[in-house]
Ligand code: SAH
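Just the one chain here, the form predicted on its own, laid out as structure tokens.
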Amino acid sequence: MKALNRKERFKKLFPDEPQYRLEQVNQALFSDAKNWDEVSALPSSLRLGLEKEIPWLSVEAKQLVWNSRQDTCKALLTANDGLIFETVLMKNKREQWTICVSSQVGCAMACTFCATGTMGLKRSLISDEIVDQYRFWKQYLREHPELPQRISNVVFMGMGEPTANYESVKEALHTWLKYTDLGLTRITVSTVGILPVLKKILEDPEWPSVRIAISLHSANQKRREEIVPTTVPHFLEKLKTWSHDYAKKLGNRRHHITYEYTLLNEVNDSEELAHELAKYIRGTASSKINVIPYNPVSGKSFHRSQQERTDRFKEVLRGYDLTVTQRKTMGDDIAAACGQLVVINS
């Protein structure tokens, strides 16, 4: 049975409280208060009840590790059932913070280069456990005033496939959009592309139009099936059609699809595959590709593409008038970079 989130527990535990109390509770969670006792807007009797029945944070820090450059910090968080997952705080180019959040404990997608996939899927996170990754880092920053204080971006690029936890992710998005200063274009949901869910996003009037990034990794159907084993037949053609549907409904200058491409040495980084990728992207409704250097994972036989192969790959793409960026590797020395998140849960 799925655990109840705070809103559901509050309604169950305090059925006689007026509706505005729940709004006060939600506002308090994003205030400077450190616990229920500090929420003076609530009656003392309710504060006592909340203190007893609903934890201020749904997660607890088990371990924090800063990298050598002090621009990335990885936290191992423990949920109420004892399962552990990871979230990452990264300094961005604006000297503010981007947080990388997890949506599941483990992942069922089994991408062959990714450490998280080796865990399998333990369970999906409830909305509180997603929301509280932001709250955890906000509290941490308040306790360390020497650090920049603003979290300006959130990316769903941690553990799990966010669209496989659709309702909890959607609720977390709405919560952040309502109670923080994060805007729609400051949140990115990265997905391997579960086609029925991508279609649902376009049909769901309650899905907030945050940015979408598709983890593509190859524009060759056979090669993608080797890298992403959950790839369905005719995925690439169906994704191309979906991209145009997305552009018609949600696309504009600031809302565009980004295709993510992890470069694996002599696996998907050849000039031939670069041309194939470029031609494919030209047929979609987007022209932005973010290439990602592979980050080593223990037990995996993959290697990061040699720099000359990476440069040539990007050069080919740009020859097709595509926008090409390269993700800055952060936290690889503490296993906090893309594809490296993994926890051994007992």
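In this text, residue numbers run from 1 along the sequence as written. Not measured: the values here are computed from a predicted model.
What follows is about the form predicted together with the ligand, which we do not show.
Selected contact from 105, 88, 157, 131, since only one has a non-hydrogen atom within 4.5 angstroms of the ligand in the predicted complex:
The residue from 105, 88, 157, 131 that makes the contact is 157.
I need to confirm a contact call. Of 316, 297, 46, 28, which residue comes within 4.5 Å of the ligand in the predicted complex, counting heavy atoms only?
Looking at the other structure, the residue within range turns out to be 297.
Does the ligand come within 4.5 Å of any heavy atom of residue 126 in the predicted complex?
Residue 126: no contact with the ligand in the predicted complex.
Just checking whether residue 54 would be counted as a contact of the ligand in the predicted complex - the rule being heavy atoms within 4.5 angstroms.
So residue 54 does not count as contacting the ligand.
Interface membership of residue 192, the ligand in the predicted complex, 4.5 Å heavy atom rule
Yes.
Is the gap between residue 42 and the ligand in the predicted complex 4.5 Å or less for some heavy atom pair?
No, residue 42 is distant from the partner.
Heavy atoms within 4.5 Å of the ligand in the predicted complex: which stretch among 157-165, 198-206, 270-278, 242-250?
Checking each option against the 4.5 Å cut-off leaves 157-165.
Looking at the ligand in the predicted complex, which residues in 214-235 have at least one heavy atom within 4.5 Å of it?
Contacting residues: 215, 217.
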